[in-house]
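Here's a solo chain for you in structure tokens, the form predicted alone.
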């Protein structure tokens, strides 16, 4: 296993393997996205309290989940890059930042659209919402810090350190609805007992979550591949690849 990891960490091997995986992952992402949207928007019944407005959940919840997941991956990759000096890990970390920021922004926007009919306001300084907003600022901070240095290695270390420090906000977001009295509803899926959501709504929600996760993987692989080409442009294998394309 470790041999495979070290081999996959090679830019050339990563580029070769990811190139084979991308078409399959992209096709599966599109298929799951269409299935999830169909089940969530057309098959799932209206909510007995919220009516049709709850359907934004099928975008909001996966986006919120991905905002936390991507940040964790980013911080983990940054730590791996700093500890074991793996260049590919730094590339993964820095290319995860704009994707995670996009998911976080989408979660905040859809949350506001959902909150207006439910709470009567577009925004409240709720613990969950405020900590999610801080997460967006952390993403933007990592991106800004990475762009602030001309030397790529210095930029990666500085931005990676901020990502690692900021990971403390992830559990705060997750447990905020349990630690504080908030307007945001508590967990309905990730509970120790049975989820308090009907199966007809749970299935499309889980399908959309998997689709969003695969979408992140696809975009990350594409962004990482292009950065590898930029960093290794003087290598013989990159020149051969560019000649073939």
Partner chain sequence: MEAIQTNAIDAFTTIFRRDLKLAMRRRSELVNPLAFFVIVVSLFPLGLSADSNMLLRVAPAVLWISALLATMLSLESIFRSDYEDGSLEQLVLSHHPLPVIVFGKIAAHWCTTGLLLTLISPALGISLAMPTENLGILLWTLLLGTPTLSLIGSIGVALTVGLRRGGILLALLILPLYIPILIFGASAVDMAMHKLEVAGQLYLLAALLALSLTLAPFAASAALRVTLE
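Positions refer to the first chain, counted from 1. It should be emphasised that the depicted structure is a prediction, and the values quoted were computed from it without experimental measurement.
There is also a form predicted in complex with its partner chain; it is not shown, and the following applies to it.
Among 217, 177, 61, 39, the residue placing a heavy atom within 4.5 Å of its partner chain in the predicted complex is 177. Proximity of 138, 145 and 157 to its partner chain in the predicted complex is complete: all three residues have a non-hydrogen atom within 4.5 angstroms. Shown alone here, residue 113 lies farther than 4.5 Å from its partner chain in the predicted complex, counting heavy atoms only. At the 4.5 Å threshold, heavy atoms of residue 173 reach its partner chain in the predicted complex. At least one heavy atom of residue 162 is located within 4.5 Å of its partner chain in the predicted complex. In the predicted complex, its partner chain sits beyond 4.5 Å of every heavy atom of residue 109. Along 198 to 212, a non-hydrogen atom within 4.5 Å of its partner chain in the predicted complex is carried by no residue at all.
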